[in-house]
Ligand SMILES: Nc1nc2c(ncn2[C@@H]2O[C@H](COP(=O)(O)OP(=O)(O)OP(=O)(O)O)[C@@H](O)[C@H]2O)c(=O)[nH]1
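One chain is shown next in structure tokens, namely the form predicted alone.
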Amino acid sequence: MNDAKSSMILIGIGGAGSAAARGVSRAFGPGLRYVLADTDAATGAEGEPFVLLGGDRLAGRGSGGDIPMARLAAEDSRDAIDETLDGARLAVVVACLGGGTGTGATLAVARHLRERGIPSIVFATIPFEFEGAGRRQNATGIMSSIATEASSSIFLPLDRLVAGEDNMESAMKRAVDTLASGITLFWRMVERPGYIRLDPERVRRIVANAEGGRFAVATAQGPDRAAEVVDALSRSPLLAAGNTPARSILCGILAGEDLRLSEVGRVAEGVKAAFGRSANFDLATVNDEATFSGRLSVVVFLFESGIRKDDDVSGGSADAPRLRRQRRPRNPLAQGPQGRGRFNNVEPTINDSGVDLDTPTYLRQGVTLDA
């Protein structure tokens, strides 16, 4: 069910993105405000909040892998999307890139949220290597454009997300569970905090200024669970060094009533030591005795920019000004810094495959140039 009072909204885009959003809803429980959006009418189930993208254009039959068509379908449906955004001050978007709707519609939705003045954080997966160069190029070619439109973007290569899993069913379950766990804990930190609270407006400001990011979740139990969680996070491939060091760290701890003060201190100190003592650090705890008694789960978000004093993060209405932040789009799968150069202040040029032609080819394809 949706919570009309919540200022946060989860938007699942495409079939896979909608499945991930459902996973978040199941993990969070009643009260999560969310909406599913797809070009395929079959995605929406009875009683679920659902927006059919491009109903007149595609008649609910899906985009057929056509990225520009999916983008146009989302643009056609801006009024329907707006009906779900009443009072929203922060949007969490989840999608799987590489296909049609997840790739094209995510760009259009992120752009619409920016124009509405609503900060957004996009979680998007990148196809497995074995899915072929075409799907991966669709994904990597659109990433810099999504990063330009979203306030913050976290791109998750599926190969890293399921590292160590060989069974196909287990790997896909792990991918959905990891993504859902991270988003759920993020949500709980804001809306169901425990002893250490995180101001929702500060979270909104962090996301509005965060740009690119990475995240991972680790869970342990037993007398050394805090140390084990920190060790697992420090070795997580999802938190591997990016193009720039972390400027802002958001850490959430989920546990039962047996959570000890010493464990909170050990997690905080370990995370700061592993990912940057000079970064802005925010911590929140969430208490869930029913499901986490004896267990400790920690989520870490690393963002490449922090809050600046002169940032204007007004938002939440159609008349709100655009977020005042200079964006530095980059391809997170490429090496070295990436910018749009002389195209920095103009709209990206997207071809029929959804590829940003203003980004050099070697960056779009993740090629490292020899020095």
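Note that the structure is predicted; figures quoted are calculated from it, not measured. Residue numbers run from 1 along the displayed sequence.
Missing here is the form predicted in complex with this ligand; even so, the following discussion is about that form.
Proximity of residue 128 to this ligand in the predicted bound form falls within the 4.5 Å heavy atom cutoff. Taking the partner from elsewhere, residue 60 is found to have every heavy atom lying beyond 4.5 Å of this ligand in the predicted bound form. This ligand in the predicted bound form is approached by residue 172, whose closest heavy atom lies within 4.5 angstroms of it. Taking the partner from elsewhere, residue 102 is found to have a heavy atom lying within 4.5 Å of this ligand in the predicted bound form.
Checking 176, 232, 279, 163 for any heavy atom within 4.5 Å of this ligand in the predicted bound form turns up a single hit: 176. Though this ligand is absent from this view, in the predicted bound form it lies within 4.5 Å of a heavy atom of just one residue from 92, 249, 296, 158, which is 158.
The candidate spot formed by 16, 39 and 98 lies fully in contact with this ligand in the predicted bound form, as each residue has a heavy atom within 4.5 Å of it. Of the candidate stretches 250-258, 131-139, 82-90, 221-229, only 131-139 has residues with heavy atoms within 4.5 Å of this ligand in the predicted bound form.
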